[in-house]
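First, one chain by itself: the form predicted alone, in structure tokens.
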Amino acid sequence: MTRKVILDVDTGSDDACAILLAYLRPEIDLVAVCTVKGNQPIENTTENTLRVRDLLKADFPVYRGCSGSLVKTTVYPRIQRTQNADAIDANGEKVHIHTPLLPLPASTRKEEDIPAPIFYVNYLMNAKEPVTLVPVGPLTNLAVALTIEPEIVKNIEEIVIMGGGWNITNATIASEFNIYDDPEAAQKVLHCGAKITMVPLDATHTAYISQEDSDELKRINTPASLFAASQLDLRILVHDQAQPLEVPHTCALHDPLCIAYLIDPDVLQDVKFCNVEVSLGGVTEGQTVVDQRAIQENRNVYFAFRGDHEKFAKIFIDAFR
């Protein structure tokens, strides 16, 4: 039985791999892909998404979403991030973990005419069966849709969020990028009443992808597998030089782990039902505050503290065979 999924992406390297995985795995019925400003401006994240769709020769609709966060882009001191995500490649060139435009041909097709939040409202209010939402960038689109029409929750089966962190952060000393980029949107989504599973950095860093996994994709030798391998190689280079993981020559492939969870929930480990809140200011802005007390109120999120590397690698690589 397939699961209907709407992806919400700020397409860079790992978002692109999430789109590939969602489209190629038969367990997923990819209804649509929405774009949002995140690691790149909305123009780039949308074009990158269209390029990945062309690579797949797919026809799922793409909806362009919000170009900025709900609040913080209007207040200058709140738009800073600090972590380095650059490396030097074999040619001595500086590379970033999220290139502005993916190394794929420019798309000749366009996104749909209506904005992503309006698509959410229209689709979910008329859905004949529950739909799973997988936002793997800032949560702005979904927060706007929930503001327009809170009743869309009735047709959401689950929201699987790539974001947050408990022991691991990457945007500031306290926060992960997707949550930090629009903390108000994240706080609204976490309290919308839907079932929410959060896939934080703690899970993605332990469910790492290795150089051996990338080499296996190269041996499969299809356009999609070779592109995916090129993105893994880029991420491994940057992680080794700027953001080293515990295991050398590996990378955190954050966003596809959310799709892998839909295929096999056991790919996430140490999942606890907790009250999770988002800090909205100060040095902890964007922090996901996870209550782990034995007695707590307002539990709202299934929070994954670890991931399974072997299960994840198998799910990801098998999609390209």
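Numbering starts at 1 and follows the sequence shown. Bear in mind that the values here come from a model prediction, so they are computed numbers and not experimental data.
In what follows, reference is made to the form predicted together with alpha-D-ribofuranose, a form of this protein that is not presented.
**Q** Out of 22-30, 286-294, 51-59, 253-261, where are the residues with a heavy atom within 4.5 Å of alpha-D-ribofuranose in the model of the complex?
**A** It is the stretch 253-261.
**Q** I'd like to know if residue 39 sits close to alpha-D-ribofuranose in the model of the complex, meaning any non-hydrogen atom pair within 4.5 angstroms.
**A** Looking in the model of the complex, residue contacts with alpha-D-ribofuranose include residue 39, since a heavy atom lies within 4.5 Å.
**Q** Considering non-hydrogen atoms and a 4.5 Å limit, does alpha-D-ribofuranose approach residue 120 in the model of the complex?
**A** No, residue 120 sits far enough from alpha-D-ribofuranose in the model of the complex that none of its heavy atoms falls within 4.5 Å.
**Q** Although the partner isn't part of this model, could you tell me whether residue 140 comes within 4.5 Å of alpha-D-ribofuranose in the model of the complex, counting any heavy atom of the residue?
**A** The answer is no: residue 140 has no heavy atom within 4.5 Å of alpha-D-ribofuranose.
**Q** Residue-level contact is defined here as any heavy atom of the residue lying within 4.5 Å of alpha-D-ribofuranose in the model of the complex; does residue 201 satisfy this criterion?
**A** Contact with alpha-D-ribofuranose, yes.
**Q** Can you work out whether alpha-D-ribofuranose is within 4.5 angstroms of a heavy atom in all three of 10, 162 and 170 in the model of the complex?
**A** Each of the three qualifies.
**Q** Just to confirm, with a 4.5 Å cut-off on non-hydrogen atoms, which of 209, 145, 190, 136 contacts alpha-D-ribofuranose in the model of the complex?
**A** Looking at 209, 145, 190, 136 one by one, just 136 meets the 4.5 Å heavy-atom criterion.
**Q** Which of the residues spanning 171-185 lie within 4.5 Å of alpha-D-ribofuranose in the model of the complex, based on heavy atoms?
**A** Heavy-atom contacts to alpha-D-ribofuranose in the model of the complex: 176, 177, 178.
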